[in-house]
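Taking the form predicted on its own, here's one chain by itself in structure tokens.
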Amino acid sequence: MSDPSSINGGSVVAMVGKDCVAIGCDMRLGMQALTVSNDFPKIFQFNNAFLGLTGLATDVITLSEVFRYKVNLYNLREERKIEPETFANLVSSTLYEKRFGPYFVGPIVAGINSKSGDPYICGFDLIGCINFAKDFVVGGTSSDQLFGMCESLWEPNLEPDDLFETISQALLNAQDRDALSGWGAIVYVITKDKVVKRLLKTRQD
């Protein structure tokens, strides 16, 4: 339990479908084995990009505000909305700035490019190295379980409804096998013309 990234628990997963992308997280905020809250979402929207942040809760809150500030500045300076690919590079450079005293987070970015309509997902380590993916990205204390569930359930070119079902089953079954994740979940399904947010009820133990 000495790892700062696992003190508060939490998990995030993102998946690519056919012209759509989904990102989901659990709702638990813990202090090691003690659950403090079941209303701590870890996904934040920045224009066309969604950011999932697992890890130390103080750094999750701090970084979400830092990115809100930087994205607002980008919008004012560029006079356009930030795209997921650009936002991923912003996340990477922000984390790398603090490499000698890093934020203890595992970010995941997901979104749809507003011009091309291509889905985009990627993950990062705590100093900003980008992990590009064409299928799914996982993070948090149940990442081992999520890898297994996603490898089993994911398949290419899923429609939005099928993608929602796949990511939900992967997330719920993975967090059931991890004591530091769970207590509810939120899933966003993103297509070019809309974003659907669903709150999942899960075991409260």
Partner chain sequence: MDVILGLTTKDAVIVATSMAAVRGVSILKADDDKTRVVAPHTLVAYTGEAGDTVQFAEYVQANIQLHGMRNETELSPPAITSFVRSELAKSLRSRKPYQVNILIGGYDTATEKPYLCWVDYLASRAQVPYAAHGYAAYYTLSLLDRWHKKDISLEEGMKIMEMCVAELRTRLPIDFKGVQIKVIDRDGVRTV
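Just so it is clear, the structure is predicted and the values come from calculations on it, not from any experiment. Residue numbers count along the first chain shown, from 1.
One more form of this protein, predicted in complex with its partner chain, exists but is not displayed; see below.
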I need to confirm a contact call. Of Thr62, Asn157, Ser152, Gln169, which residue comes within 4.5 Å of its partner chain in the model of the complex, counting heavy atoms only? Thr62
Of 99 to 107, 129 to 137, 116 to 124, 79 to 87, which is the one stretch near its partner chain in the model of the complex, taking non-hydrogen atoms within 4.5 angstroms as near? 99 to 107
Find out whether any non-hydrogen atom of Ala57 is located within 4.5 angstroms of its partner chain in the model of the complex, and reply yes or no. yes
Does Asn173 reach its partner chain in the model of the complex if we count a contact as any heavy atom within 4.5 Å? no
Report whether the minimum heavy atom distance between Thr35 and its partner chain in the model of the complex is within 4.5 Å. yes
Interface membership of Leu29, its partner chain in the model of the complex, 4.5 Å heavy atom rule: yes
